[in-house]
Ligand code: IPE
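Encoded as structure tokens, the following chain is the form predicted alone, with no partner shown.
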């Protein structure tokens, strides 16, 4: 979800305002995706690399994620099930604060019975870290490290292969996001920043996935 800072800068606003607008837009896009019968929506909320950002910006983003995971009432009304993937809280290097951990656990538990769209938020997530952990877990379980054993030990092995990757704000690259799962996926590029990404853009991305 790129471009929150650029969206704010163009309007003479602080970067934090862009992140706030981005969080609101994510909530709006979840509502739209439900009406489009999207089965799985996975968003890159906060990467393992994002911790190097200025401390005030990181604190603001953490607060927004706590609020995002706190939208349980609306998510239940939409029949959306929440999942999370990222570095396990008890592993070396994991940095998710306790208050965000509590919000994540509560959102996952409180929406577990919903049967509609699965919204997965990747927080403190990096695909390289995920793949290293999968290989370590396979070896720990006495398995040969192979395609199947890595697939079975991903953070959320139940996630289906990705149909389409969306890159906003003019970014023309693949980031450290679901590198194992996006093999063969279409990539939808748009110049719009994430706060500007609306229903029409989502429809265009879905059309690409279906082509």
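Residue numbers count along the first chain shown, from 1. On a predicted model such as this, the values are computed, not experimentally measured, just so you know.
The discussion below concerns the form predicted in complex with this ligand, not included here.
For residue 53, a non-hydrogen atom is located within 4.5 Å of this ligand in the predicted complex, even though that partner is not displayed. Residue contact with this ligand in the predicted complex: residue 163 places no heavy atom within 4.5 Å of it.
None of the heavy atoms of residue 143 is located within 4.5 Å of this ligand in the predicted complex. Contact check for residue 1: a heavy atom falls within 4.5 Å of this ligand in the predicted complex. Proximity of 70, 83 and 110 to this ligand in the predicted complex is absent: no residue of the three has a non-hydrogen atom within 4.5 angstroms. A single residue from the set 30, 150, 38, 61 has any heavy atom within 4.5 angstroms of this ligand in the predicted complex; that residue is 61. Residues 19, 45, 46, 50, 53 of 17 to 55 are found to place at least one heavy atom within 4.5 Å of this ligand in the predicted complex.
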